[in-house]
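A single chain, nothing else alongside it, follows as structure tokens in the form predicted alone.
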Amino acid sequence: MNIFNNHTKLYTTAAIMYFVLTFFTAIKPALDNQQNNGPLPGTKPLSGDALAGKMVYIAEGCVACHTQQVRNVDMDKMFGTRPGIPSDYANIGRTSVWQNTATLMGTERTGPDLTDVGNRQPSKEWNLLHLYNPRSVVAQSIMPSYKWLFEIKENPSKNDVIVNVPAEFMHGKTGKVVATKKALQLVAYLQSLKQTPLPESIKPYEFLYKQEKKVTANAGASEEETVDGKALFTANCQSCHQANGEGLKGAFPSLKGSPIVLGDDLKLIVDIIMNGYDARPEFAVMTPVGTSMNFDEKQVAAIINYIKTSWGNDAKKTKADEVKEIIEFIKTNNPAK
């Protein structure tokens, strides 16, 4: 064959075959992907501190232990309201001219998935404390401490963001723990990670391998009694208020023996769960957990009954119907929330 004896023809043919194969195996599928999987309505590209925080997330190697992909299996329900789809990543552009797109989907889940962490844990104070020393909020955590993202100052300025670290985690150091710009940017990125709701016209995929409901001795109980208040508390409240209900001194209030929990003002408790709380300067701001997680009256009632009867608390339980009336009243009178 002449082609092998003529280097011009050989290299030209090889180059043409290379570009043709590249087009059909890489370029065309990528273009089809972009055309068929646009960003979901309501999604916005990262900008400002959240975008800078993504770069901190990459630089600190967070993707080595955390994923950002809700798989289509039942066990991933705790990480999102639906399985992930290609459109969830369609709004992510190139990191820079010289760097490719960083979706940060990850491959290892040593730590929890972060796809919807902005809804699960939106508290800035909690996230900063968690970065400074993960064991201060999650005793069993194996996550490393990122203390280099903070400074110790004897006289912080009025613009400094102070992190209320419990004394036992200061290890003899004096002064105030102040978050650096990188720490605040990283938290801004984490707070931006929220799973976008699908349009009403699109039905989300159902999770596979659903666990069958076991018939128990209290099978005749009402639906609201079968909602697991302890599981809801563990997933949404325990990271701040702790498993023993005692919270963290100087950071998160105790629910054990709390006059609010033991009191008869049900409206106040429901309002705190649904809309958060920012009336106690000695503690961090509580985020609107109930609203963020779209809790219904049965779930709110289950959490309230759990905290009212745990850790030695012995208060009167409530019913879902009572909670429903209060939630409707709050929505009507506080539309901004």
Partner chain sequence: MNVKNKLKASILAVILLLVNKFATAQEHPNFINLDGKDIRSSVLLFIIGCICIIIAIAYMQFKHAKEIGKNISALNKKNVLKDLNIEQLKTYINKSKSVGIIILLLFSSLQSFAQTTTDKTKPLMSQPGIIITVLLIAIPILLAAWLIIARATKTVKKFNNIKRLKQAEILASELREEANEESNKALKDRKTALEYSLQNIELGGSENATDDKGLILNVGNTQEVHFTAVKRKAAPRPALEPAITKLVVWYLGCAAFWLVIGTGVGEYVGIKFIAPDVDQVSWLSFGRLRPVHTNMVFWGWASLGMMGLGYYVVPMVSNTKLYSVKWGWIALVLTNLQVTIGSISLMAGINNGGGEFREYIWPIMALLAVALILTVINFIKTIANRTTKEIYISNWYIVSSLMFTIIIALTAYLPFWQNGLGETIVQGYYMHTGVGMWFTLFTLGLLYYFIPQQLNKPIYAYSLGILAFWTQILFYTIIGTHHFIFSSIPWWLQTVAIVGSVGMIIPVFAATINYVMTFKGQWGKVSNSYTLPFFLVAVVYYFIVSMQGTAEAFRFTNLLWHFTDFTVAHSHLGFYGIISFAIWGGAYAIIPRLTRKEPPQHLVGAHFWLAFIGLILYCFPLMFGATLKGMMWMEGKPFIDSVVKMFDYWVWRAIGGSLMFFSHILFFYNFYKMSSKTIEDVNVVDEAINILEQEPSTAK
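This is a predicted model, so every value here is computed, not measured. Superpose the two forms; the largest set of C-alphas matching within 1.5 Å is the rigid core. Residue numbers count along the first chain shown, from 1.
Unshown form predicted in complex with its partner chain; subsequent notes refer to it.
Every residue in the set F24, R109 and A235 has a non-hydrogen atom no more than 4.5 Å from its partner chain in the predicted bound form. Checking I272, A50, M293, C65 for any heavy atom within 4.5 Å of its partner chain in the predicted bound form turns up a single hit: C65.
Comment: its partner chain is not present in this chain, but in the predicted bound form one of P166, G263, P156, P86 has a heavy atom within 4.5 Å of it, namely P86. Residue contact with its partner chain in the predicted bound form: P45 places no heavy atom within 4.5 Å of it. Contact annotation: Y11 falls within 4.5 Å of its partner chain in the predicted bound form, judged by heavy atom distances. Looking at A59, you'd find a heavy atom of it within 4.5 angstroms of its partner chain in the predicted bound form.
The closest non-hydrogen atom of F252 lies beyond 4.5 Å of its partner chain in the predicted bound form. Residues of just one listed stretch (285 to 293, 308 to 316, 65 to 73, 264 to 272) have heavy atoms within 4.5 Å of its partner chain in the predicted bound form: 65 to 73.
Of the residues in 5 to 43, those that come within 4.5 Å of its partner chain in the predicted bound form through at least one heavy atom are, in sequence order, N5, N6, H7, L10, Y11, T13, A14, A15, M17, Y18, F19, L21, T22, F24, T25, A26, I27, P29, A30, L31, N33, Q34. Core-aligned CA deviation for G61 between this form and the one not shown: less than 2 Å.
After superposing the rigid core, the Cα of Y146 is displaced by less than 2 Å between this form and the one not shown. With the core held fixed, Y132 shows a CA shift below 2 Å between this form and the one not shown. Three angstroms is the minimum change: in the predicted bound form, the CA atoms of T107 and I27 sit closer than in this structure, by 3 Å or more.
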